[in-house]
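Here we start with a single chain on its own, the form predicted alone, put down as structure tokens.
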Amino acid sequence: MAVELRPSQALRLLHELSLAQVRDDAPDLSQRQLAILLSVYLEAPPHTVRGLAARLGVTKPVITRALDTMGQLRLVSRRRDEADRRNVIIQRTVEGALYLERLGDLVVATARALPR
């Protein structure tokens, strides 16, 4: 479904969404962490540190640091790839799925509340 927004409306949506997230009691994620989380949940698995680094155009240590924080929040989990022990597989969690479900609901509600 295509959504038509003027640039000022798109920025207003981003602003209102950011304000709503700040007011919420959910964990604050950086843009990088949110991009990783969305990639893991919206794109087909498997997800590896190496693959996420390539997808986001950053280094593996950058992904690892973000995953450290997200793992502590239980938004994702990690395990070694049994087929290739050099790879780390990033897995979805119930907590991560619930976080993104709430975020999706927040995006919809915020977009609906925008002035036309």
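Since this is a predicted model, take the numbers as computed values, not measurements. Quick note: we count residues from 1 along the sequence shown, nothing fancier.
Keep in mind that the form predicted in complex with the DNA is missing from the display, and what follows is about it.
Please state whether every one of the three residues S8, L19 and S39 places a non-hydrogen atom within 4.5 angstroms of the DNA in the model of the complex.
Looking in the model of the complex, the three residues S8, L19 and S39 all stay beyond 4.5 Å of the DNA (heavy atoms).
Is it the case that P46, even though its partner is missing from this view, gets within 4.5 Å of the DNA in the model of the complex, heavy atoms only?
Contact with the DNA, no.
With the cut-off set at 4.5 Å between non-hydrogen atoms, does R78 touch the DNA in the model of the complex?
R78: yes, in contact with the DNA in the model of the complex.
When the contact criterion is heavy atoms within 4.5 Å, does V88 count as touching the DNA in the model of the complex?
Heavy-atom contact with the DNA at 4.5 Å: present for V88.
R74 versus the DNA, in the model of the complex: is there a non-hydrogen atom within 4.5 Å?
It does not: once the DNA is placed as it appears in the model of the complex, R74 has no heavy atom within 4.5 Å of it.
Heavy atom contacts to the DNA in the model of the complex at 4.5 Å, residues of 39-63 in sequence order
Stretch hits, in order: T48, V49, R50, T59, K60, P61, V62.
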